[in-house]
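Below you will find one chain, with nothing else, as structure tokens; this is the form predicted alone, and questions on how it binds or moves follow later.
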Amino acid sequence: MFILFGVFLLTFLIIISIAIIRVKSLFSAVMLSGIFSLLMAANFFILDAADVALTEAAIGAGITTVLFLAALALTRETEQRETHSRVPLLVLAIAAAPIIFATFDKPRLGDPNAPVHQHVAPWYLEKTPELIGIPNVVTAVLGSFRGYDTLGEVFVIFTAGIGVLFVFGVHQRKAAISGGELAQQARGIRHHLIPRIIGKIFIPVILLFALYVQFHGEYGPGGGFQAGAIFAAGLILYSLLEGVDKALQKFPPKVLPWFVASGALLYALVGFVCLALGGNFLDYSVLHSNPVVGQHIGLILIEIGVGVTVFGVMLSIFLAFAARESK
């Protein structure tokens, strides 16, 4: 049954991929991309990668779809006429060939003799309860054992957010939009009864679930990345219902960059505090007399930093797109 369901999902993914390539309507392509991400989330879930599934559902199927729709509002609805050039197809074939060739050396799914199951993974599974003291090994690996990698990923997100703000600039909105268009965007879709009622019910639940994912990441699927994305998704839904103006009143453009920067700085600051207390960078054990408690304190702090930066970047990117003048 597990294999049949996996084959069913992969077959649908292939069909949707072909449809995305062939469809001319950009709106249809965006909707199909959202469905693709939702199926990928289901695929990750049946592979027991619940953390990745949660991230894919929140970012891939949720926020990315909204961002594409916001970008679509700035351009035409259909794809430009094809140039019939063979160069893109040739580049795609050259890039795909080594990737396909490399898959022949991959171990089969669930192979207990795969190299990853012989060295690193058993050590993580054995040492996490002793050294970190939390049941979620994924959080222990990402936040503690490989804290440097995660810090680098946070700064990549931070840099991406700064780049988007630098290019689009949320503060230009009032000068770019005026008259009827401004009134329409300020109104949002609140005049529609059903979306307004559903939004009022779901937005508090989404925000509460984001806090649960944020502070429950040590014990189950979740963490700062997922929580920041879910929290941003809740406020993006609020912006769609009530209009961009109200969203900007809640989170003014001058405040959002502080969210983007403060989370990454909090993460790095935890590392420097560890150094000041005589430990290694991001060695949270020195944060408390009990090393395991110190690990808990460090993980909570860096996860808050990750969540704040992801939330700030996601919301900033959405408002940067949504606040621009349509062409």
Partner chain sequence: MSFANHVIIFLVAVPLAVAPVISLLRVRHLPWLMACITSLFVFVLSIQLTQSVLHSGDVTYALGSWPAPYGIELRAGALTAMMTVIVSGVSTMALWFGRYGIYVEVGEQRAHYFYAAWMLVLAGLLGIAVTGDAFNVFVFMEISSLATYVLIAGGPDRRALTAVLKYLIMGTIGATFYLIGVGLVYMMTGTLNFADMEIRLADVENLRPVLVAAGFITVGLALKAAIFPLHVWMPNAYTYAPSAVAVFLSACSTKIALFILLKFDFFVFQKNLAGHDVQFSWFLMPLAAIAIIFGSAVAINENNIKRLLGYSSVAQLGYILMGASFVTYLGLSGGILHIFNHALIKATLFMAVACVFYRVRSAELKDFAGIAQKMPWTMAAFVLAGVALIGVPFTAGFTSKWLLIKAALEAGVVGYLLLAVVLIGSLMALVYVWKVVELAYFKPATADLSRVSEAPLMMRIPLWIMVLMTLYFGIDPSYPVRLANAAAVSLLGHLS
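All values derive from a computational prediction rather than experimental measurement. Numbering follows the first chain given and starts at 1. So that the term is clear: the rigid core is the largest set of C-alpha atoms that superpose within 1.5 Å between two forms.
The form predicted together with its partner chain exists for this protein as well; it is not shown, and the discussion that follows is about that form.
Checked against its partner chain in the predicted complex, the candidates L47, M31, V293, L265 yield a single residue with a heavy atom inside 4.5 Å, and that residue is L265. Though its partner chain is absent from this view, in the predicted complex it lies within 4.5 Å of a heavy atom of just one residue from G133, P252, G220, G163, which is G163. From the list 281-289, 34-42, 48-56, 61-69, the contact stretch for its partner chain in the predicted complex under a 4.5 Å heavy atom rule is 281-289. Shown alone here, F209 lies farther than 4.5 Å from its partner chain in the predicted complex, counting heavy atoms only. Taking the partner from elsewhere, I197 is found to have every heavy atom lying beyond 4.5 Å of its partner chain in the predicted complex.
Shown alone here, L90 lies farther than 4.5 Å from its partner chain in the predicted complex, counting heavy atoms only. Under a 4.5 angstroms non-hydrogen atom cutoff, its partner chain in the predicted complex has D149 among its neighbouring residues. If you take 108-125 and check each residue for a heavy atom within 4.5 Å of its partner chain in the predicted complex, you get P115, V116, H119, V120, W123, Y124, in sequence order. Relative to the superposed core, L208 undergoes a C-alpha shift smaller than 2 Å between this form and the one not shown. Comparing the forms between this form and the one not shown on their rigid core, the Cα displacement of W123 stays under 2 Å. A93: CA moves 2 Å or more between this form and the one not shown after rigid-core fitting.
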